[in-house]
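Just one chain follows, in the form predicted on its own, and it is written as structure tokens.
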Amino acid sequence: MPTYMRSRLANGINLFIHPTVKFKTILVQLIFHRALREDDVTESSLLPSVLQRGSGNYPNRMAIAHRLEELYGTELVSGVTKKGERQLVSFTLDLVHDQYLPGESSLLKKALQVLSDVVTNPVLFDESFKEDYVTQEKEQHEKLIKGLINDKIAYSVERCLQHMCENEPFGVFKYGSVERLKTIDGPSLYHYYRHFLRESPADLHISGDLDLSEVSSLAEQIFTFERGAEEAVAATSVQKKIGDVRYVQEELDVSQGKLVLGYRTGVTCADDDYFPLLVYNGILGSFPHSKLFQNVREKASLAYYTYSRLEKHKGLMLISSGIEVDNYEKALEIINRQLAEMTRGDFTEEDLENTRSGLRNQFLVEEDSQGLVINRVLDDMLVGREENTAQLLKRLAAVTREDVARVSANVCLDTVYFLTKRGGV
């Protein structure tokens, strides 16, 4: 993994410059951090689409697109994600390096100016966002929120997490709610936006074949918008104790049931035991050789798909399976059997080595993507660990069978969610 330089701009933005000769492109990500909460998650997730409707220098979407096309097809996209109990609002530029463009020497500067204009210089009317822009983007955002139900796999996972973490910030849906969306208008969103820019901790990542001093100077010149005291984002709360397992059943017009099991592990990517947990999860359900795939799907033919994954900032593990609704009890029983086997250390050396190999490849592949490199650095910053690929691979190789069995004893079932057809099982 390439090294990076970290500094702080005059207005408080954290600047990360990732110099690397590996790519012919430059990737820029401006990321704002917010606490995940119902009070303003809808506003935060709506903002990027409204800002991309037009800016002071490019007053509509077509003008922005035309300017980006002039910049050799530079792409500008925005997104909303969550890491633990933190909402991230990001704006990403992807552009070709101008060393591959004869006669061009300031493409990065021009692209950064567009990004800054879109984010900090919106189209306004009387201390308000343009009302028709807000109205139209609210309509699209409502479709986005309601559209989750059309992807039954994602919907069932989200619903399991909402039940599992109903009294925790992690249970808040990253796109917010339709009810909250209805209360937003041009003036209220602009009022929120002003606080958003002033108070949100912000990171600017720039990756490519870069001159450190030149890029640092560019960022300092262009990102000069006024900011104030940052609003601290609390660390994600990790619950390690649970009460009785909760069982939730929801009925919809589906032909295939979706079974999602939520577990508390008590271990996050900040902990030394994270790598044993990573191997545990890999043997259990992350690869084609994993226990869930082999025993639930292949041998018992009980699932159309089945996998496990970690929520590494919250200390959760999820198992998701698509099953015939009549196979609910059978599937639950055989899944529980796989976890019991893991606790006993009932897996082969081949399982262990295949999992190490699969995880090793994942770490190495990350180095081939500028976005994944930035994401790893972001994860490291959030948990206070900074490790390069060689260090990660060393930690992976050190995981023993005893380590895997030890962390498995702390994996506790919290919630069983079943999406079934109307009329029940």
Partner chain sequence: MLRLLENQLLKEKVYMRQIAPGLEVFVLPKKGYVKKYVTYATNFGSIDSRFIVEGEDKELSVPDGVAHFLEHKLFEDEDGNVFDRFARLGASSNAFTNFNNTAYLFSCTDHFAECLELLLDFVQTPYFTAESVEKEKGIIEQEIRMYEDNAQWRIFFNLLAAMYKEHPVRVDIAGTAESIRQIDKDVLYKCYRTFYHPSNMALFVVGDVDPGRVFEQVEANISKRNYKELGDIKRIYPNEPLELGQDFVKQELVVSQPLLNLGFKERDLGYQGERLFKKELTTNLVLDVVFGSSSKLYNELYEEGLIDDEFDAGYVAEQDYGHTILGGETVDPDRLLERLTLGIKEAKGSGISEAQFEHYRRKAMGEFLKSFNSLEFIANNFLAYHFRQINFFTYLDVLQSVTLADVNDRLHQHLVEDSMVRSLIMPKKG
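The term rigid core refers to the maximal set of C-alpha atoms that superpose within 1.5 Å between the two forms. Keep in mind that this is a model prediction, so the values were computed, not measured. Residue numbers count along the first chain shown, from 1.
The discussion below concerns the form predicted in complex with the partner chain, not included here.
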| property | result |
| --- | --- |
| Distance check, residue 100 to the partner chain in the predicted complex, heavy atom within 4.5 Å | yes |
| 4.5 Å heavy atom contact, residue 94 and the partner chain in the predicted complex | yes |
| Contact label in the predicted complex: residue 137 to the partner chain, heavy atom within 4.5 Å | yes |
| Contact flag, residue 266 vs the partner chain in the predicted complex, heavy atom cut 4.5 Å | no |
| One stretch from 396-404, 361-369, 34-42, 374-382 that, in the predicted complex, holds residues within 4.5 Å of the partner chain by heavy atom | 361-369 |
| Joint contact, 75, 146 and 357 to the partner chain in the predicted complex, by non-hydrogen atom at 4.5 Å | yes |
| Heavy atom within 4.5 Å of the partner chain in the predicted complex - residue from 224, 120, 81, 256 | 256 |
| Listed residue (169, 276, 322, 186) with a non-hydrogen atom within 4.5 angstroms of the partner chain in the predicted complex | 322 |
| Neighbours of the partner chain in the predicted complex among 226-244 [non-hydrogen atom within 4.5 angstroms] | none |
| Shift of residue 271 between the shown form and the other one at or above 2 Å (CA, core fit) | no |
| Per-residue C-alpha change between the shown form and the other one, residue 336, threshold 2 Å, rigid core fit | no |
| Residue 158 C-alpha relocation of at least 2 Å between the shown form and the other one, rigid core basis | no |
